[in-house]
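Let's start with one chain on its own, the form predicted alone, as C-alpha cells.
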Amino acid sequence: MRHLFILTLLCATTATMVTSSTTAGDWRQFRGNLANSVATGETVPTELSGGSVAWKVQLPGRGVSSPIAVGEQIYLTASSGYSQDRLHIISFDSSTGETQWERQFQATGRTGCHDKMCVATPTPASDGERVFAFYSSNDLICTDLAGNLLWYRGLGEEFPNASNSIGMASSLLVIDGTVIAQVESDAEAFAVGIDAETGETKWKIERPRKANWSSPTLLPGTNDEPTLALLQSSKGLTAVDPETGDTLWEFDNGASTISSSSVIDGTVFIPSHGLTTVKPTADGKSIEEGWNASNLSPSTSSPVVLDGMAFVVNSSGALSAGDAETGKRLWQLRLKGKFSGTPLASNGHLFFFNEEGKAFVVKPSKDKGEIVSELDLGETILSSPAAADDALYIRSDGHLWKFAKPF
C-alpha cells in the first residue's frame, strides 16, 4: 500500500446524538444487504401518491448513488462544485428527514464524468458500525455512524491510471470486515479488499483491463462454505474469498459491464448473452451452468428475482418476466421511458423509477404483470430505490424522498 492519508474536513455541521444500534430493517449497501434488490420482510406502500410521501428533503449536490439505512439513520452521498470535487456524506433522521450531520471532503482523484453521471455515483455501504463512501474520483472515506472521520484512502491518487472519461460507477461491497472495491478501466484495473477497521489493504488482485461499471455481488455462505464476493467483468464472473482475494471459481463466458448479477437461493443470475444462471457445486470450487435465455436481456438495470420469476428491463423500457427455474419467458409489460436504476422487490411487488422520475408499482404473477400505481416525481432519477422499516427511499439530483404508509 502506498500510503494511507487523512484529509482535513472542509466544513462540518455539529453532529447530533445518534445511535449505533442496528435493526433487521437495515439496508446497508447497494441493492440491499444481500445485494440482490429484494427487501425481505419489508412491507413498503404499494400505492404511491402524495399521501404516501412521509418526507422530502433537498440535497446539497448531485448524485446517482442510492441511500442506505442503518438503524434510524439514512446515509447518502453527493458531489458539488464546478468540477464536482466537493464530496458530501449526509446522515438523515429516518423519521423526520432532518439532517443529523454532514461531512464534506475534497476529491483527490479525477472528477470528470459524462453529463449523465456524476462523482457521487457509487452507493455507500456500512457494516453497522461505520459508513464507507466511495466516489468516481476513487476517494474512499470511512466515518463512524456519527460522522467522525476514521480513515481515508485516495485510490485515485495511489493509482492515477485507473479512471475513464465517462466516470467510475462500481459500488462497494462489505463482507465480514472487508470493504471490497472494483476499480476497473482500460488502462488499469484491479479489485481490493480493505480492512474495514484500519483502512489498510488486505489484498489486491489484477482485473481485466476494460472499462467496467458493474458492482460486486454477494454469494451468501452455507454451513460448509463461506460467503463469497462475485466480481463481474466483460470476461465473466469471478468468485473470490473476501478475506484473502483468492479465486474459488470462475464463469468465463462473458458478462455485462453495466448491469450486475443477482443471487437468489444459491443460484446466480448473470447478465450474460441475455440472462444465464449458474450454481456452485457442493464443494464450492466449481459451478454448474443452468439455463440461458437470450430474450431475457437486461440493459442498465440489473436482474431481480421474486417469487420464482426473474425480471429484466430492456433499453426500450419493456419489462420481461421469466421462469426462474427454466428461463422460459412468461410475459412482457411495456413501461414508460428508460430506466437506469434497478427495481426493488418487496411484499410481492416491483418498484420502478424511470429516468424522467415516474414511479411504477407492478404486481407480477405467472400469467401477467399489472401496474397498480403510478406517480410522477417530476425530476430526473437515475438511482435505485432502497427499503427499510417498511419505507421506500429514492433520490434525484436535488431531493431524497421517503414513502411510507400514512398513520
Partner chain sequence: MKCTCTAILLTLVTATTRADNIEALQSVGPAAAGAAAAREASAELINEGSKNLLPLLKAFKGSSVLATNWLRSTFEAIADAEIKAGRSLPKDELVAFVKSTQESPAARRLAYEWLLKRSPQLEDTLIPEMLLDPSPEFRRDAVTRLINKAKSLQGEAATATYRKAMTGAVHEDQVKTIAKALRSAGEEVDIQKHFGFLAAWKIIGPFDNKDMQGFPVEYPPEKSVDLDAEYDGQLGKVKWGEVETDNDFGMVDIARQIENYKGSVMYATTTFESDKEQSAEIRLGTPNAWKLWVNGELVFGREEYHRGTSMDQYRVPVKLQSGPNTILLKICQNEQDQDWAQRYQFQLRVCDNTGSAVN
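The structure displayed is predicted, hence computed values, not measured ones. Numbering follows the first chain given and starts at 1.
The following text describes the form predicted in complex with its partner chain, which does not appear among the structures shown.
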Practice item. Would you check whether its partner chain, in the predicted bound form, lies within 4.5 angstroms of a non-hydrogen atom from each of Thr244, Ser256 and Val278? Key: no
Practice item. Find the only residue in Thr178, Ser163, Ser94, Ser299 having a heavy atom within 4.5 Å of its partner chain in the predicted bound form. Key: Ser163
Study note, to complete from the structure: Assert contact residue (its partner chain, in the predicted bound form, non-hydrogen atom within 4.5 Å, options Ala169, Ala107, Ala239, Ala191) equals Ala107
Study note, to complete from the structure: Within 4.5 Å of its partner chain in the predicted bound form by heavy atoms, the stretch out of 224-232, 300-308, 151-159, 279-287 is 151-159
Practice item. Please check if Asp265 has a heavy atom lying within 4.5 Å of any heavy atom of its partner chain in the predicted bound form. Key: no
Check your understanding: Heavy atom to heavy atom, is Ala293 within 4.5 Å of its partner chain in the predicted bound form?
Key -> no
Exercise for review: Give a yes/no on whether Cys118 approaches its partner chain to within 4.5 Å in the predicted bound form, heavy atoms considered.
Suggested key: no
Check your understanding: Any of the heavy atoms of Glu200 lying within 4.5 Å of its partner chain in the predicted bound form?
Key -> yes
